[in-house]
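Here we start with a single chain on its own, the form predicted alone, put down as structure tokens.
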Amino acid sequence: MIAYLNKINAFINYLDPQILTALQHISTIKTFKKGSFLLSMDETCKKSYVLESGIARKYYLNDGKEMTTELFFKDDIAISLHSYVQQSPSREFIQAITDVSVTVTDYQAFQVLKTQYPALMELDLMMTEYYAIWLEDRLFQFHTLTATERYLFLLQKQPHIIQYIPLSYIASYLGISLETLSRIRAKLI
């Protein structure tokens, strides 16, 4: 995954300065306090959020219970993909777990720029491919790794996660109960 992200960053670094300037004009830096929502359920995802700092999560409600589906860290793009692409109401929330700083880009303005600069169509495709690869990897992990292996994999990728993310969010993200996560953690100590 890092290799693909490096490919995207290299592509961005070689974009024409005029394109980069145009992107900067439709993007702003914004901060959200811990607990704030970048996106609420039933709200249309009209912006993309690239995390500059902090941690956010995406979750939905299932019978009133929060189910965390994604954790966002520095350089991740936080969107509800279905809502963003379809410009329809979101089934999910995106919430700041810590204070976050994000680069916010407006969906409609980006669509206009893509028509003016075909290189942005390629960038958009690369980011979509990156998300599809990430999603496929995540599904593969759910079907092939034990709960302990998923937890260890998450710790390997984001070792500081325990300091900032409530265990209930981590358990939900891993698809296990809080009690199971506690047992896993106890065995590893």
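Not measured: the values here are computed from a predicted model. In case it trips you up, residue 1 is the first one in the sequence shown, and so on.
The next section is about a form of this same protein that is not shown, the form predicted together with the DNA.
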Looking at 24, 9, 18, 177, which has any heavy atom no more than 4.5 Å from the DNA in the predicted bound form? 177
May I ask you to choose, among 41, 154, 147, 123, the residue with a heavy atom within 4.5 Å of the DNA in the predicted bound form? 147
Heavy atoms within 4.5 Å of the DNA in the predicted bound form: does residue 3 have any? no
Among 52-60, 125-133, 139-147, 25-33, which stretch has residues whose heavy atoms lie within 4.5 Å of the DNA in the predicted bound form? 139-147
Even though the chain is shown alone, can you say which residues of 156-189 have a heavy atom within 4.5 Å of the DNA in the predicted bound form? 166, 167, 168, 175, 176, 177, 178, 179, 180, 182, 183, 185, 186
